[in-house]
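Just one chain follows, in the form predicted on its own, and it is written as structure tokens.
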């Protein structure tokens, strides 16, 4: 169940030209791949959502990776070790982990939840391969098995699926990338689980500002990315 926490910054470091990694020490007791936290930035009216990139229950550390985009993220990058931070967690649903040969695809900052998922799959000895895409070398965030720089992370996706006998694909990134991944998975007759990136206002399903359409049982239904997601089956998303 989600709660409000007052955590303390344990680590903040630059991991690429415009991205930072932050570790937050708090009393949060559980978090799973696909979930996110929503941080209160005093300079902003609305909280800011961030995918969880790692969680260590024993050390009580929650990790996020964020890209500089505006006043909220610039506020976060200027925090120091020991500073307090107010956040809601854990929010959203999770990836359904299956004992199948997995391909993980992260596009840009979409690598964050993929890193968390990869760690959990490794713990369970589930075979996986993480491919991430970045626009340039200085934007690369480490942790993937393969980085695609300058091109598209989609370019060799079908070949990877065939060569590695992939049975399920997990992904996070811009909508244009996720749409194509779901289409490729449908054509290859394999399942995809998609973590949607969407602008959120409330982060708890009240404002309905992050609604998407899903095709379920021959009808179209509406779902909030923040409350019903952010993880959905790629085959169920009605892409714009």
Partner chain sequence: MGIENLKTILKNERNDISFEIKTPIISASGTYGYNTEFADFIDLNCFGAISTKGITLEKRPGNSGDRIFEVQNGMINRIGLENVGIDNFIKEKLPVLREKNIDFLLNIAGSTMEDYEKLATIANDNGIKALEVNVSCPNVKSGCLEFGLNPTSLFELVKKIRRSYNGFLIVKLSPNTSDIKPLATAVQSAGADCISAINTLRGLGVKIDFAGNKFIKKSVQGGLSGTCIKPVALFMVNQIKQVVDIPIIAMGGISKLSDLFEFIAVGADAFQIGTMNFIDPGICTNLALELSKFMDENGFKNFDELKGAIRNDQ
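Positions refer to the first chain, counted from 1. Here the structure is a predicted model, which is why all the values come from computation and not from measurement.
Omitted here: the form predicted together with the partner chain. The next part is about that form.
- Of the residues 199, 186, 215, 68, just one reaches the partner chain in the predicted complex with a heavy atom at 4.5 Å or closer; this is 199.
- Using a 4.5 angstroms threshold between heavy atoms, residue 176 stays clear of the partner chain in the predicted complex.
- The partner chain is not shown here, and in the predicted complex it never comes within 4.5 Å of any heavy atom of residue 57.
- Taking the partner from the other structure, the partner chain in the predicted complex has no heavy atom within 4.5 Å of any heavy atom of residue 79.
- Residue contact with the partner chain in the predicted complex: residue 154 places no heavy atom within 4.5 Å of it.
- Heavy atoms within 4.5 Å of the partner chain in the predicted complex are found in one stretch of 186-194, 45-53, 25-33, 60-68, which is 45-53.
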